[in-house]
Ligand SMILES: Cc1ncc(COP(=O)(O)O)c(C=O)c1O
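Single chain ahead, written as structure tokens, the form predicted on its own.
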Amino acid sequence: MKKSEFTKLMIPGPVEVDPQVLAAMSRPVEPHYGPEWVNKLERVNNLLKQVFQTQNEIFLMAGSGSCAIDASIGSSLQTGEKIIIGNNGFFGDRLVSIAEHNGIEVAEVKQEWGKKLDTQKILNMLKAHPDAKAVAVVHSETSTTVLNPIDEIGLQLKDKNVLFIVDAVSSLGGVPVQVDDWGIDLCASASQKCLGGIPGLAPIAVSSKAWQLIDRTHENKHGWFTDLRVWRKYAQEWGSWHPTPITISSNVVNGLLVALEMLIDEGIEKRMERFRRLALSLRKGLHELELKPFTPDEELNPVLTAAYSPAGVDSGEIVTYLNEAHHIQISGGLGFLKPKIFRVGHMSPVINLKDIQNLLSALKDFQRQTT
């Protein structure tokens, strides 16, 4: 194959997007204010409410998923206060880092990478630290593909005087997320993964319980851009013509709107089932190639699969071979798992069974090259 040929993106994000999304983004630039824009942003937020499964307020922030997570933690907690963080991977580490950069004390519930967070351990930590203002966890831990039990955790925290903050960056739109039913107070995500858009937007759902903590004082000094009160102020006071405090990329929003419409038209549950079938097919093929998935089959992540590299083979070799020889781009591991596992994203709305079969065929070719 010539190097100039198109590379199939099968990484944990950003994803390959539908041509209709690209077409929507190619329209002439339009202003991020005015009545037409207000109506468009309202449509986007209403569609996001369906995906989040919530009646809570939605804000579409400009930035990556980490921007929305920073806003969640930095807006609701003040310097010197305490947060409990469940940490079982690279992005659990990031939650800790974001909290510490905001001057917040962290009580960490650590779990081995590759294992789900234990709800009871989080409850035990809350009992040991009754002064904690919030609990934060990652839903889909992208570094390991582990899905943490945010439904169990949320239901246990619902009646407690503590906020529940969830990083749903790589799960929203591909894995069930029921913000209202599960008692999630601040739920942060991103446009470039299961939602099927390109990078640049970070939707966040904010509950009334979260606003009560955010509005305790006007002395929170964790910045302006990620202060949710600033975003609410513009939505409320300028909402009729300029609903965001900053210039937001109208072209990226146009693409996300089309991606969300396609998701709703297909049906959220149908989309998730399609992803699950792809995951099952990939795992079946990996087992046939004697490549062991990193997590048990009964704990599969519908949108992301990790597998161990063969003994003595750095996973980077697999990543490089697939990219150069087959124009399929996957990812290696993160942290100490970097040389040990490779990760395959199948969270793009345009990834299909043929793509999974092509990937498995390429992995088989790699095995032939190395034996």
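So that there is no doubt, residue numbering starts at 1 and follows the sequence shown. The structure presented is a predicted model; accordingly, all values stated were derived computationally and were not measured.
Keep in mind that the form predicted together with this ligand is missing from the display, and what follows is about it.
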*If you check in the predicted complex, is S64 within 4.5 Å of this ligand, heavy atoms only?*
yes
*Would T144 count as touching this ligand in the predicted complex under a 4.5 Å heavy atom rule?*
no
_4.5 Å heavy atom contact, F164 to this ligand in the predicted complex_ = no
*With a 4.5 Å heavy atom cut-off, would you call C194 a contact of this ligand in the predicted complex?*
no
*Quick one: in the predicted complex, does every one of N87, Q111 and I150 get a heavy atom within 4.5 Å of this ligand?*
no
*So which of K133, H222, R94, R271 gets a non-hydrogen atom within 4.5 Å of this ligand in the predicted complex?*
R94
*Tell me, which of V206, A259, V179, A190 has a heavy atom within 4.5 angstroms of this ligand in the predicted complex?*
A190
_Options 294 to 302, 120 to 128, 166 to 174, 71 to 79; stretch whose heavy atom lies within 4.5 Å of this ligand in the predicted complex_ = 166 to 174
*asked:* Under the 4.5 Å heavy atom criterion, name the residues of 125 to 154 that approach this ligand in the predicted complex, in sequence order.
replied: V138, S140, T142
